[in-house]
Structures are given as C-alpha cells and as structure tokens.
Ligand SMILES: C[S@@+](CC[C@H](N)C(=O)[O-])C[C@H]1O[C@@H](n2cnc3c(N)ncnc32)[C@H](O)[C@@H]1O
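Just the one chain here, laid out as structure tokens, in the form predicted on its own.
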C-alpha cells in the first residue's frame, strides 16, 4: 500500500502532533491536516497495526485552521500546530492529558483541571539552538531542523518563538562564517568546525548570551569577532565558546571558554535572581514558568516544618523559591554545571536553609543515609523519559507525606503515577500548564498524598 494516494477524513490529533485518520480498520498517522478536514494523502509506511502518510492535498478546510505566522511553517520541525487556533490547541492538549491518565495510568477518576494558557503565544522562548549544516560543496546552512530530519537544516530568516534580535544574530552569524571561511561541521563525516549557535535571553534583565558550539580547537580570531558583532548587537552581554568533539549531535561542550562578559546571564523569577550558564537547564518560557511554580506551590501547600527533597533540581529554581516557606530543602542533580549554578543562585538570593548535591538520583537514594528518610515532601521534576523505575522504588520507600511531581510528558507521568498510586498514594487532581504554544508539548503539575 505504500505510495498509494487515498482520500481520508481526519478525526483527531495524536500525541506527537500528527493528525489521525482511519483506513480499512487501521489508524493512519499523517503529517499535515487538522481534525474535521477531508484530505488526499500518500501512504508512506505500512505497519501491521497502523499506517503513516503525508497530506498531499486539502479537499475541505477546518473552521479552526488559520494562516501560520511563520514563513518557515511546514518545513520547520518546531511549530507543528501554528496553523491551528490557539484555543483549539489547548483543547487537544487537555485531551492528551486525559487520554494518557486514563489509558496508561488507569487513573480516570483523577480530576483534570482546566489548562492554564500561556500569557504569550509568540516570542516566549528564552533559549534557541540553531544548527550549522554543510552539504560538502563548500556551501552551508544555519537554522533549524527540517521536520522529520536530523541531518537537514534550512536557512532561518526569522523565528517567531524567540524575540529579536535572535533571528538577526543568526543571519549575521551566517554571513560572518561565510565571509571568514570558517569550516562548518559535517554530521555524517564528523569533520569541520562550526556546529551550533545557541542564543539565551533573560526577560527580567534584558541580558543576552550567545554560545558558539564547535568541534575541538580555539575559535579563530575571537577579538576580531567580538569587535564586529558587538556594535551591531549591543544587547549581547556575554559570549561563550564551547568545544564538543563527540559524534553525538548535541549543543553542549566539553571545554568552555568565556570570550566576552561574565559567561552567564541573570533571570528574575518571582522576585528571585537566577544565573543561567551556557550548559545549564532553565525553563524556556520564563513568564509561564512563574505561573507553573505559583500553581505548584499553591497545590503543595507547604508549611514552616516541612523538610523537602528536590530531585532533578537543575539550577535550583524550585527549591530556592520554596525555601522561605519550609524548614529545609536538599536538591539533587547529576549535571555538574547545574549544581555549581544552583549553589551560586542560593548564595545570590541569601538562602541558607538549602543544600545541593551532585549525584545521580538513583545513586543518591541508594546511599540510604538516615538523613534522607526524614523528608516529608518530595519534589520530582524529571526529564521527558520520566523516573527510572529503580529510582522510583527508592523514592517511595522514603514514604513522604506529599510528592509534588512536575512533568513535561503526560505519557511517562501517567506510567509513574500508576506506580505511585499503587504504592499507597492518592492523586486527587492534576493541573495542565501550557508552556509551549504551537507545539504538541504540555506540562502538568500534581501532588500525591500518602494514604494514612
């Protein structure tokens, strides 16, 4: 059937942003199209239980379809839903949470609050990673990934997710690398030099960092580069160079050198200051992050006698913001740079009842010290993969009274939630929070209570 052109009616949106139709009793996942539309589509892959395809022609248009703001829409792998009215995006994200809880977690009795929309639906990101790509004929591109391709990058002209001057810096950097004839990295041959351009901004202080991630070797003539870029972009407060010679195509460095400024930017959240370094994790929608944390603390209801264990703590933002409401906070994080930043952030904000440990969460819990058994609140904010099953078992042996779980993946959350509930906890409600408009991603906040 692969290659066949068929007429389909789209009925739903899938977890990964693809549209959903049915053909001959099988589900078809499509690139393109919105619910309520009739389309012509090419079937590209056939599987025993489902098919995948791509929309080739729109026959009838959904009333919820709008014109995408970005000229790169449809090519870029970022904003999958930019052609869908924002209120309808929220509806499908709410449905995504409901489906995951019911089907994966068997938690259909848990109440799902109405989703909190993002205050800003454009220019909300404080971090973007732009990739260099060479075709091998001395030409190159600098921009974002084409949808569905790890090895294809299109030349970015303007992105509407990160505020200016980010797009202008990308275009300036492309011209500079071409003019200076700096070799661009080839992800297949693992040769060349320029790999990524990362831009980080701080809404609360208007500081801006550019971080150039390259193959091994010093950046050519950094003084000349700084002299040329700063007059054009006085908003830049620091420039960092990271070297990464590993084959894995990630925008982090093994060797870091500060070329200009302090090597970090400072963001403001709920009245506190946070230093953000080039490689540390920090929530990418700062205004909505304040909403996320306010919601989390309201649901948690901490008091001055609570002892809090904050796992996957990153640069310590949750623990630092919570510290003045509780007796003690201990944060655990595996990323060394994040722990350095967390300790500095606690110092900057004058927080004395918080400690941070650099450790794998599972290893930290395996240490089994009597001290960690005295925490009555557990905070979990894991990566998209959720919690390691062995680590989760160790967490539950601590028997905290409350578990605050912030998740960026309803599927892995629902899997973990089922195990937590099975271990003697209740989950009365979850609160979805939209951090990433125009994408299929959704965050949620929940508090588990130990049954007595």
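Remember, it's a predicted structure, so these values are computed and weren't measured experimentally. Residue numbers count along the first chain shown, from 1.
The form predicted together with this ligand exists for this protein as well; it is not shown, and the discussion that follows is about that form.
Engineer: When this ligand is placed as it is in the model of the complex, which of 277-285, 89-97, 212-220, 300-308 ends up with heavy atoms within 4.5 Å of it?
Structural biologist: Heavy-atom contact with the partner occurs in 277-285.
Engineer: With a cut-off of 4.5 Å between heavy atoms, is residue 166 one of the residues that contacts this ligand in the model of the complex?
Structural biologist: Flag for residue 166 set to no.
Engineer: Might residue 312 be said to contact this ligand in the model of the complex, defining contact as any heavy atom within 4.5 Å?
Structural biologist: Result yes; residue 312 sits at the interface with this ligand in the model of the complex.
Engineer: Residue 161 near this ligand in the model of the complex, any heavy atom under 4.5 Å?
Structural biologist: Taking the distances in the model of the complex, the answer for residue 161 is no, it never comes within 4.5 Å of this ligand.
Engineer: So, in the model of the complex, is residue 82 in contact with this ligand at a 4.5 angstroms heavy atom limit?
Structural biologist: Taking the distances in the model of the complex, the answer for residue 82 is no, it never comes within 4.5 Å of this ligand.
Engineer: To verify the annotation, which of these, 184, 101, 197, 318, has a non-hydrogen atom within 4.5 Å of this ligand in the model of the complex?
Structural biologist: It is 318.
Engineer: Identify, from the list 266, 360, 191, 171, the residue with a heavy atom within 4.5 Å of this ligand in the model of the complex.
Structural biologist: By the 4.5 Å heavy-atom cutoff, the listed residue in contact is 360.
Engineer: Output the sequence-ordered list of residues from 291-305 with at least one heavy atom within 4.5 Å of this ligand in the model of the complex.
Structural biologist: Residue within 4.5 Å: 293 only.
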